[in-house]
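One chain follows as structure tokens, the form predicted alone.
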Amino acid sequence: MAILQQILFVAALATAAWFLIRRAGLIRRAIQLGKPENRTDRPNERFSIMLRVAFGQKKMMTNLTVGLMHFVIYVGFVIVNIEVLEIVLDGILGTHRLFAPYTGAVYPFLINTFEILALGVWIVCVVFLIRRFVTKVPRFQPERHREMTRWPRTDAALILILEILLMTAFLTWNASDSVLREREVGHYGELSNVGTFVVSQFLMPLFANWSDAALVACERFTWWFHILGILFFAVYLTYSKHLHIVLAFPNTYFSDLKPKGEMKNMADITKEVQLALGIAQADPNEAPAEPGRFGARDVRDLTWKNLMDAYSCTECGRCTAACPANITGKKLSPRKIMMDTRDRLEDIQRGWQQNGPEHDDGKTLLGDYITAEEINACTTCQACVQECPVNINPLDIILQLRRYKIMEEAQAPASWNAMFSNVENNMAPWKFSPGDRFNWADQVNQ
């Protein structure tokens, strides 16, 4: 029987690893569709940002209560899963609590710590479910935000419920195991000196009248449920918004270090202007630059960092809640921009899998996923960039899509065209000649 369990466990572990590696490869390839961009400068500053924002959850703490609850889930779930190392080794080797005989008093201390954190994760997940579906926090409701369709809401609920079930299984497993050790049943009795644990001891009375066989069945079921649930969680993570658990770290490391509000010019166009103004000198040995596309029409026109941003989005909606355009009823939602970009990448992946790596479905990010009305509503105020807890920049994508719409398709709103004309002719957005610009001062002095 033990050999059969080992074989089944190794098969489950190998299957999960295969799906995980395959999915990670697809995501990596999708991100690499983006144009190259150098984000390796100032490594010390980048590492500091990653520690503060991703590891230290700095931006989450703007709302202290929610920030602390999120921190409990983040730290609790990560640390509790350190126990997975022992579970995996037990499953492969056919042992039971492999580390217990060799760690003395350290082992009960670690399990007690895991149990306290597991209880914290359990409580916070319940609170977050209540916030989403009972008290109904506005930024999560489809009535107010059209991007919050059935799948994003279901995804969030599935993850929270799965975490609750995993923590319940962990605590129930420890409780049934403790009763078996107290009764010195089979190999469980060999670890009777480990004792009971700080949280699961309160579940032990539930098993007082259970037979030894029923207890062993419960212990084995909860053990298998816990580890298989974690393996499923690891694979499902790659299809979920909760991929940010992994990508938050590289995404914050590769943050844009330029001052907020500094917009990227197209290097080739900048060079041509500088040559025309005599600011720069042409290099006779340099080949003429290939004329590229102005702005972005599809994900291949964005940078790899834009695409990593899309996969790192937590769908928390803080960007949209802070967006003045969205607040005033316009269709722009920075969260939707990121979700649409990720959806486009997912559709491309499905095309690869079904029709081969060269498949082109004929769709584009601008038009099929994001509309001109959305991107034209942006005021470039940087509120979405400021609010994002993992340093995502929806504004950069919006500006590149808008640049394409205006410079490639000449489809700017009439009021914008008037402004462009004034800037070109009068060197200011207003319809006044440079000589009349200070006439208002004469009126003030009268």
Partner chain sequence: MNTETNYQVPTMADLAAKGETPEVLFWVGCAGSFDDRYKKVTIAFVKILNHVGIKFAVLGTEETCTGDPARRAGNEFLFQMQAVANIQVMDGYGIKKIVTACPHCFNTLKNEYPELGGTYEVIHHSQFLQQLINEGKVTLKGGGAFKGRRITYHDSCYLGRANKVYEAPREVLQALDADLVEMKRSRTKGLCCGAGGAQYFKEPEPGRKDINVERTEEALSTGADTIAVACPFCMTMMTDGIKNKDREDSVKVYDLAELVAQAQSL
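Keep in mind it's a predicted model, so treat the numbers as computed, not measured. Rigid core (definition): largest C-alpha set, two forms, superposition within 1.5 Å. Numbering follows the first chain given and starts at 1.
Not pictured, yet referred to below: the form predicted in complex with the partner chain.
Student: Of the residues 273, 116, 217, 228, which one places a heavy atom within 4.5 Å of the partner chain in the predicted complex?
Tutor: Comparing distances to the partner chain in the predicted complex, the residue within 4.5 Å is 273.
Student: Ok, 353, 281, 154, 265: which has a heavy atom sitting within 4.5 Å of the partner chain in the predicted complex?
Tutor: That would be 265.
Student: Is there any non-hydrogen atom of residue 277 lying within 4.5 Å of the partner chain in the predicted complex?
Tutor: Flag for residue 277 set to yes.
Student: Looking in the predicted complex, any heavy atom of residue 87 within 4.5 Å of the partner chain?
Tutor: Answer no; every heavy atom of residue 87 is more than 4.5 Å from the partner chain in the predicted complex.
Student: With the partner left out of view, is residue 413 within 4.5 angstroms of the partner chain in the predicted complex by any non-hydrogen atom?
Tutor: Answer yes; at least one heavy atom of residue 413 falls within 4.5 Å of the partner chain in the predicted complex.
Student: Heavy atom to heavy atom, is residue 269 within 4.5 Å of the partner chain in the predicted complex?
Tutor: Residue-level check for residue 269: yes, a contact with the partner chain.
Student: Tell me which stretch of 76 to 84, 131 to 139, 253 to 261, 307 to 315 has a heavy atom within 4.5 angstroms of the partner chain in the predicted complex.
Tutor: Careful reading of the contacts points to 253 to 261.
Student: Hey, which residues along 426 to 441 are within 4.5 angstroms of the partner chain in the predicted complex, non-hydrogen atoms only?
Tutor: 427, 428, 429, 430, 432, 433, 434, 435, 436, 437, 438, 440, 441 sit within 4.5 Å of the partner.
Student: Would you say whether residue 15 is displaced between this form and the one not shown, judging by a C-alpha shift of 2 Å or more on the superposed rigid core?
Tutor: Stays below the 2 Å threshold, so no.
Student: Look at residue 25 and decide if its Cα position differs by 2 Å or more between this form and the one not shown after superposing on the rigid core.
Tutor: For residue 25, whose C-alpha is compared between this form and the one not shown after core superposition, the shift is less than 2 Å.
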